[in-house]
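Before any questions on how it binds or moves, here is one chain, the form predicted alone, in structure tokens.
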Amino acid sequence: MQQAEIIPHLFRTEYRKIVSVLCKRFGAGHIETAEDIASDTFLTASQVWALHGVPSNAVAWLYRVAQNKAHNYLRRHRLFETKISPELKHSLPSNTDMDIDLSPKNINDSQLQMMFAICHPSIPPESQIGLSLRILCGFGIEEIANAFLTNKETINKRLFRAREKLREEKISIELPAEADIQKRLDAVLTTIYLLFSEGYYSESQHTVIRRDLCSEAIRLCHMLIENQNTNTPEANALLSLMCFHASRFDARVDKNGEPVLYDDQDTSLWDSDLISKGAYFLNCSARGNHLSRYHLEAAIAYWNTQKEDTREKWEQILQLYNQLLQLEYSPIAALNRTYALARANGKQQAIAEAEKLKLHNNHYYYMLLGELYTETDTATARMHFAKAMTMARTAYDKKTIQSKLDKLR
């Protein structure tokens, strides 16, 4: 790997580790300091490696430089607060000689603890996702802006407010007490779920970012599974769900970048390894008495990876959607349930159910109605697809709708 490639690669894999360890060492109130030291470490690497080449153990080199920069910062800060501004005393750890522990165990522990700090209830969900991408995933500001289809200034403001919350609330970087861990874990799982959804259903046309978002969500969930305190049935179910969805990534877009709907996907492109992993984690989630939305969505995703198009398959999916809607209603789940109803019991019954939903502000509603009326009432199908086209916001959806209109002609 060339130097031009290795530094961005190492930034993505090692930046988050260095920042998490330093945040744990300094406290959440000094998150900008941790980020600055980590960023300065990579700046030094780019300068030194350009002159002397990439060291044989580049990761160890980065850790050593980060440790030295952290020690230097602590010494300067201690000198400043004792000689110049005594009122700042104890704002940072007093022992400047303590090692910055970049051992594998402390790195993993620090990242997991940082995940819970970032997902604190006082931080808005949108900011949790942005800060997770920055701190836990090593995404650059421009990459985060592209993922959210916004500008860097907006992302910087969002991250600034999230850091301020960490400081104001004096949030500790540690795992919650055993009595509180389930409640706090719910917020962490929601953030990971939203992070994956941001990639899988992204409005961004940047394929690399979309895949990276999904990969990072899966990686973060793996960290939960690997810790006995957070290895819960819900975490396993969420990991299962993401594996099943990610298994069909290659089949969702054709070689020209055009969207491919589920019924038209080349099943040979589905990733059998990810499907097997999804089945494994779904099996691991089947313990305890609590049934979560992740269990039901993972079971639906499992049936969607079964290639045989049978009535039994769609009947199973329909019943799972019925349970999901009773547990936690959402318009999208209701629409998906209606599609499953059409495949299991026919379009006429599905049309009657769909029209009861009256989701007139949702373009997916009109896309579904257009699909249901296709082959029985072309004029009505065309009317619904045309309505959906006026409401669609993404190029992906517009391409899908246009292909449906073209077929009707």
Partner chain sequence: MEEYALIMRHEDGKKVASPEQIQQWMKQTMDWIGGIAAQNKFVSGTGLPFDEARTVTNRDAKKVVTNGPFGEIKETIGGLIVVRAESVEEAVEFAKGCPVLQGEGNSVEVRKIARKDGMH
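No experiment lies behind these values; they were computed from the predicted model shown. Numbering follows the first chain given and starts at 1.
As for the form predicted in complex with its partner chain, it is not shown, yet the points below apply to it.
Remark: R337 counts among the residues lining its partner chain in the predicted bound form, judged by a heavy atom distance of 4.5 Å or less. The closest non-hydrogen atom of L318 lies within 4.5 Å of its partner chain in the predicted bound form. Contact check for S276: every heavy atom lies farther than 4.5 Å from its partner chain in the predicted bound form.
Although the partner is absent from this view, Q323 contacts its partner chain in the predicted bound form, with a non-hydrogen atom inside 4.5 angstroms. Of the candidate stretches 61 to 69, 33 to 41, 48 to 56, 350 to 358, only 350 to 358 has residues with heavy atoms within 4.5 Å of its partner chain in the predicted bound form. The partner is absent here; in the predicted bound form, the one residue of Y262, Y329, Y201, Y280 having a heavy atom within 4.5 Å of its partner chain is Y329.
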